[in-house]
Every structure is written in C-alpha cells, then in structure tokens.
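In the form predicted on its own, a lone chain appears below as structure tokens.
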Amino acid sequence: MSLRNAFSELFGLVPDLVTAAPGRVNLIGEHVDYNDGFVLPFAIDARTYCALRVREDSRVRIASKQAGGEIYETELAELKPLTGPNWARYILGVIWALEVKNGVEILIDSEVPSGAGLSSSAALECSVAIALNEIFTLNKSLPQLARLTQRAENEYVGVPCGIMDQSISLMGKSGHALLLDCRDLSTRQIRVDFANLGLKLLIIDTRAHHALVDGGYAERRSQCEAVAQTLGVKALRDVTIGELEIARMKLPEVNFKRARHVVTEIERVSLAVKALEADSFEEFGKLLNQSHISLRDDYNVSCAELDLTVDAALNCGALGSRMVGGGFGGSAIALIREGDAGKVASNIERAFQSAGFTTPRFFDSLPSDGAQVLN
C-alpha cells in the first residue's frame, strides 16, 4: 500500500503532501561535527517518507509504520522537550523547533534501518522539516533547517548530536559527497565516482544494537569540550596535533586520547578530499583504515562486531574499511573492487558465524540526492 493510501486509511483524508529524506554514510570525519570540524558524508538512496495534512485546530496526530502504526496525539501547547514516546519525539521535536502554529497529521514510513549507524533519526527529522517548511511557507534555508532539526534532536529528544547528519540529509547531491564545515555550514560538493573505476562501497550492518541515548556519546562530547576549555579554544577544530602533544601533561590521559582522535580525524578529512579529487583510492583506503584504528583505540567507540567486520574485509582485499556512525554497534563500510563483493561478504559472514554473532546485512549505495517534496 502506498503511503498516501495508508495515510487516508489511518486518518480518513488524503495528505496535503508527501516528502522524503535520506539516511547517510559518512565516508570519513567521525565524531568531529560537534567539535566544529570537517566531515565528508553522502546521502544514501534509502529514505524516510513523511505524509502530512494540515488540521484546522491545534491538535497533533502522528503515526509511524515502524512503530506499529498507532496514532499518538497531543496539543501544540503541550509540546515540551523529552515528552512523548521515544519514536514520536523526533517528529514532535521538529514541530516544536519550527514553532508550527497549526495542528497536523503525519504518517511516517522508512527504508533506513534503525540502529545501523546510517542516521535514521536525521532522515526522519528532515522529512518532517521539509514537509512543514513547504506546507506552511516558512521559507527556511537548508542550513537553517539543519540547525533547527539538530536543535530538535539535542533539546527535545535529548541526544547531543552534531550537525552533520541533518546537513547531508538536506543537502545531499547525487554523485557527490558533501564536504561540510560544521562551524559555519559552508559546503563543497566532492565528486565520488567509485563505479566508473570498478570500485564499490560496501555497507555492512553488523546488527549490533546502536543507541546514542545511553550516555557514551554524551560522555565523549563532554570530554572533548573539557579539553577545548583547558586549552582556551572554542573547539578542538582550533587545535593542532603539536599543541595537543605539548598540553598532554595538563590533561587526563583518556581526554588526551579523545582529543587526539578528533584532531587527527579532521586532518584525515582534508587528505581524503585530496585523494578523492585525484582518484587516488588506495590512499583513500589507507585513510579509512587509520580512521577506524583511531576510533577503536583513542575514541573507544568500536565493538567486537565492527572490528571483526573491518578485519575480515581487509583480509579479503578491501582497499580500506572502517566503522561509521556514532559507534557502539551499527555499520561499517569497506571500499572494495566491484568483482570482490561476493568474496568479501562471504568472508565477513563466515567470521560472524565463527564468532557466534548475528548474521550481518549487506547493501551498497551510490551518493544520492537530499530531502525533497515528492508531491
């Protein structure tokens, strides 16, 4: 059943419009967005869809196929941070952040796997934001919508995420990754042409549960902010590795390691852009490997399933591999030769079976367009 028909069946009337927003894969630049760094994500072709109808009162009625299709109802005046079921907060938070004055009915359906590190939350938020911006003629720019949806997740949902996921979900462009300056949201589209060079970016969902509301993410953000404060800078983006090494004795060792990941990861993003622009994919693969080691050893956000995935991919000839997303589970990526996809996937599956892990899921995606109004 189409989303429009499902909406009509649930709410009794047709929606005013349907929008879509994608999940994302971050090629490199992990855990640097909330440190004002640079990131290099691309939008994937898996999308979240939002059907919306404006009401004539102040009632908010929302439902999600992924949450069982039950309608959750509230009033605009009752929207307060951290209220409502967890799944509903991502929708309610966007309504709240955009200061919507009319009641709405919303039905959500998503292709982006939840908990896989592919930013299902930002896809949800941005599908709703694009719909509200269009239907109420709010005239918000894409960077403004990115800030507002980030605020919704930070304050209403209670996840202290950075700005990357919302930005790429809104601003993605087919065939390109987005070099995003997370301080001022300036962007540059970077051509990514894996296919024409016989390469493929394999995405491996380890199916290890990943949730950013359990404190590990917030703890690392706090550690980074503490280092920046000690060094007297706005954010770790303003620190060189030399300055960090000089200050090492002033810092708790764990905080030094967190900051070392961030500072070196920002430099890896710059090197990765140069490698992609030169079609130097072997060099790009080495940077992916370095990123994973840093995330594993300095930032401590990997897990056994992610490490096993990376090792199994590299053992089968992958040019590079790393975990993606917030960590503690979720997905990894592997840059492989197109003809090696079956071999690499089989090797990872065998490794998971030997370790007693749940069978992983595999898919790939070319860089896709960002959020859009469908009809």
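As the structure is a prediction and not an experimental result, all values here were calculated from the model. Quick note: we count residues from 1 along the sequence shown, nothing fancier.
Heads up, the form predicted together with a small molecule isn't pictured, but that's what we're talking about next.
For the chain shown alone, Gly93 is not a contact residue for the small molecule in the predicted bound form, no non-hydrogen atom being within 4.5 angstroms.
Taking the partner from elsewhere, Ser114 is found to have a heavy atom lying within 4.5 Å of the small molecule in the predicted bound form.
Within this chain, Glu153 lines the site of the small molecule in the predicted bound form, having a heavy atom no more than 4.5 Å away. Contact annotation: Thr206 falls outside 4.5 Å of the small molecule in the predicted bound form, judged by heavy atom distances. Between the options Ser119, Ser291, Thr149, Ser167, the residue in contact with the small molecule in the predicted bound form by a heavy atom within 4.5 angstroms is Ser119. Of the listed positions (Ala131, Leu180, Ile106, Leu124), a single one reaches within 4.5 angstroms of the small molecule by any non-hydrogen atom in the predicted bound form, namely Leu124. Residue heavy atoms within 4.5 Å of the small molecule in the predicted bound form occur in exactly one stretch of 65-73, 35-43, 344-352, 309-317, and that stretch is 65-73.
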